[in-house]
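Next up: just one chain, as structure tokens, the form predicted on its own.
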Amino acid sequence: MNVCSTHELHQEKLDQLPGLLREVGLDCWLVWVRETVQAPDPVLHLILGAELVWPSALLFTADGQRIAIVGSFDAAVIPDVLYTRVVPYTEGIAQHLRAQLDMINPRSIGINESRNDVAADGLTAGMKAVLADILAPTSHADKLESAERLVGHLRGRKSPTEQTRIREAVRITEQILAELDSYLAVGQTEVEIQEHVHRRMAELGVGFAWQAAGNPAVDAGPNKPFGHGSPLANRTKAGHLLHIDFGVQTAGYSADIQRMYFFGSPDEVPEEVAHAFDTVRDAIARAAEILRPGVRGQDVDEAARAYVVDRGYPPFAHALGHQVGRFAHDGGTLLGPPWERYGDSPRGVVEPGNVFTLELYVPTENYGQVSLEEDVLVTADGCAFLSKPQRALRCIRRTVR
């Protein structure tokens, strides 16, 4: 990735900030970090794309100011084409931060702490305590509030460059999955399948959308715990299913897709499996029909959940969809049920430019779980599939020789 394209992306995100700050009622946003290699704030790479060592304050205002207060050794990583003012320091940041806030004179200051959204919770407890000490002698100490809504909007409303990069991640993920049609065979182990995918990723020069040990997740047959675990020595067998959950990361952006395979011919697919596959496929389609700006995440989840139950299955034990971007799980509004573990995220409202997964599973009695996952972009009046939805089981009839 060249410097120009990196700056283009950050410029797009920074250009969103003044309007977003006004929209959520914040005068100023303070990103307050140190040693970001060890303690990264998830927002940093959206607005800077570099690591900071000394205690650093990035300030953004509703009138468009972008101020970086950083250690003198870190000043060189701040692009002057993106920031209106760089304030280097040597001995300490406190007086410089207080002075800049005095000049801005904000009524409210957003900080990155959140009960609901991990992507908006980058401020450590220690750094918050340091900030409280610095601001204690000033009136600014009483102006701090959560920037959760701001961060959710900034991450969620994908800019043109972000959308292009996600599309490319989806394209490469689907390419590798499509190539598996000519590789898979009866008698392979889950480990062998994953290793093949890893070799192909290396050849294409792409990274992992989540940790390599479980990417891709490979589940062969019915006797396998379903979830985020690593592949095992289970072998593919005639008449069995294979589930793969896979996503690459390229140019800093991710994809997240699940596909189902059957080892046999289409006319050998058991009715139990066909009914399960059709249920998952059609539940995703129903969710896509109502996914549009202005709906709550929990309402999209409920449409798919109700359809699954009507088809005779128990409710699936996870959210229908999460946002995708820098990470496979990118924070913000969740297409999920209003369960305790999800906090307020399912009550969030869907926005244009959001990229979501639509994913769910149903169990079969004799063949394991049937699960699919698609990536979609929310448009002005609905959503568009970024992945090509799987309409039928991929049937594999080869055998390892």
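Residues carry their position along the shown sequence, with the first being 1. A quick note: this is a predicted structure, and the numbers were derived from the prediction, not measured.
Another form exists, predicted together with a further copy of the same chain; not displayed. Remarks below refer to it.
Although a further copy of the same chain is omitted here, in the predicted bound form none of Asn223, Asp278 and Ala306 has a heavy atom within 4.5 Å of it.
The chain is drawn here without a further copy of the same chain; in the predicted bound form, the stretch among 169 to 177, 324 to 332, 191 to 199, 260 to 268 whose residues come within 4.5 Å of it by any heavy atom is 324 to 332. Taking the partner from the other structure, a further copy of the same chain in the predicted bound form has no heavy atom within 4.5 Å of any heavy atom of Lys237.
Shown alone here, Gly294 lies farther than 4.5 Å from a further copy of the same chain in the predicted bound form, counting heavy atoms only. None of the heavy atoms of Val218 is located within 4.5 Å of a further copy of the same chain in the predicted bound form. Contact between Val81 and a further copy of the same chain in the predicted bound form is not found at the 4.5 Å heavy atom cutoff. Think of it this way: in the predicted bound form, a further copy of the same chain has a heavy atom of just one of Gly187, Pro160, Gly92, Gly207 within 4.5 Å, and the residue is Gly92.
Here is the short version: of Met127, Leu135, Val87, Leu144, the single residue with a heavy atom within 4.5 Å of a further copy of the same chain in the predicted bound form is Met127. Interface residues of 33 to 57, taken as those with a heavy atom within 4.5 Å of a further copy of the same chain in the predicted bound form (partner not displayed): Arg34, Glu35, Val37, Gln38, Ala39, Pro40, Pro42, Glu51, Val53, Trp54, Pro55, in sequence order.
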